[in-house]
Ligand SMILES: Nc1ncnc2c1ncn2[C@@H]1O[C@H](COP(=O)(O)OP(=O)(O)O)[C@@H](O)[C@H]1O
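Just the one chain here, the form predicted alone, laid out as structure tokens.
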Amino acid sequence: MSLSDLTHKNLQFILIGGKGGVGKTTIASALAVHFAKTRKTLIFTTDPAPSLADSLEQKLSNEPVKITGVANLWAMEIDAKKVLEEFKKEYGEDILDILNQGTYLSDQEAGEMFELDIPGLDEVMGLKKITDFMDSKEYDLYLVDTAPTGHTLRLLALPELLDNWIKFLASLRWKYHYMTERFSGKKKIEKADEFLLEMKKTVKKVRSLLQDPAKTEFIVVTIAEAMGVLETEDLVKDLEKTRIPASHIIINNIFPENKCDFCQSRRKNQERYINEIKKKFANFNISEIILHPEEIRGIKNLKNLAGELFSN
């Protein structure tokens, strides 16, 4: 099988994920190089230890950088913590107002609560940055080189997590409005209310994007080993649970068939897991990529890999 069917879809968002060390970044980079032949493409990573710059052999930053040697390709490494700090700087006053007006916390206690880490919030802010790019319609296609499976599963659960966080703040806001209306007889819409409405729209937008099969595809990358199979099972279950479209699995780094005794032994062991993957995920399109003798880096090598991925 190959990924050729993806070229016939008008996708806007492609996520590439799997366990650490399976070659996600290399695959993601090759996909980006391929799609950039016909569409203006932005590839970015949410991995806290990114290797996208190494794969493309070009220095990247927290803003899109034009990739030399590919006409329609840009790339960026999102610093989620930096985006979160920007978010706090922009909306911190509104959140503190909600905490101060909706609770019995002192200013100091509200400030300390605001500084607490909310699990996953930095990552969803990174995702929000991309949805903001998508609103601008500056690029035709967005590819995400996700962090290893554990981080990715957190990323998939973020819309629900953030939705619960907003509901908590909204309940505090409701108490404040209830009291002010009782005393003044009228309801006043303030900047903090507009902030909650904007965040609610963001969550809805992210959830809608991730679950839309016409716009989004999640490509699973794995290797033919026991842990690769187990982590793929966990990832596929969570994709189904969160209703994120996924129809492709790439088995990477398969040993070639040759006369080398070591290679033959490894290949025989891998075939057991390849057959297991094909059996467990029979409804997926499964591609097999042979292990290359050299590290795949740079545009020329990525183009060659893309040829393998999209060749029948």
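Keep in mind it's a predicted model, so treat the numbers as computed, not measured. Each residue number is its position in the shown sequence, starting from 1.
The next section is about a form of this same protein that is not shown, the form predicted together with this ligand.
Three-residue candidate spot Gln12, Thr131 and Asp212; no residue lies within 4.5 angstroms of this ligand in the predicted complex by any non-hydrogen atom. The stretch that touches this ligand in the predicted complex, counting heavy atoms within 4.5 Å, is 250 to 258, out of 62 to 70, 250 to 258, 278 to 286, 34 to 42. Mapping the unseen interface onto this chain, Ile299 falls outside it, with no heavy atom inside 4.5 Å of this ligand in the predicted complex. For Ser51, a non-hydrogen atom is located within 4.5 Å of this ligand in the predicted complex, even though that partner is not displayed. Not displayed here, this ligand is approached by His292 to within 4.5 Å at the level of heavy atoms in the predicted complex. Annotation for 199 to 216: no interface residues with this ligand in the predicted complex [heavy atom within 4.5 Å].
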